[in-house]
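Okay, here we've got a single chain as structure tokens, the form predicted alone, with questions on binding and movement later.
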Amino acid sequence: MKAIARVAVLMGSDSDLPVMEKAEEVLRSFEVGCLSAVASAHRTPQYLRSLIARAERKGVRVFIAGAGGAAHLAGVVASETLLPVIGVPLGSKLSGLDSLLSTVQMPRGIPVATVAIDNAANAALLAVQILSLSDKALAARYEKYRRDLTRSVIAKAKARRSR
């Protein structure tokens, strides 16, 4: 049985897929259903608007939006929903700095959480944290992930010291 999509992973172009599929992988590892779509904030605004409304009706609780250049998909998504939006600035001709600045510089009143350039995995982890507030089983999986991450770092540090 397929999990109900609780996160929508949106990208401005199909060329963004190699980065944005990392979010999908993380969400799958936590057993969080997601839907994924390509929608340009500027070339297909009506389609994007309908996609957001459809995702909300299907039970999506968090949006992850990634786009490169100054195309600000996350900001447009945030203007169309009351749900949390996480922006993933993507690498571009200006090494992603243009994407980062356009994503992080949201006007007061329309927040977008922003992760590091090309870090869709962290966007998915933030979505998991948000969803964990109302899902004890997911919170337990996330807590285990963090414990395992800590153990891994400590094991690597011990291995390094023993050289």
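Everything quoted here is computed from the prediction, not taken from an experiment. Residue indices: 1-based, along the sequence shown.
Heads up, the form predicted together with a small molecule isn't pictured, but that's what we're talking about next.
In the model of the complex, no heavy atom of residue 24 sits within 4.5 Å of the small molecule. With a 4.5 Å cutoff on heavy atoms, residue 15 counts as touching the small molecule in the model of the complex. Although the partner is absent here, residue 67 lies within 4.5 Å of the small molecule in the model of the complex, judged by heavy atoms.
For the chain shown alone, residue 43 is a contact residue for the small molecule in the model of the complex, at least one non-hydrogen atom being within 4.5 angstroms.
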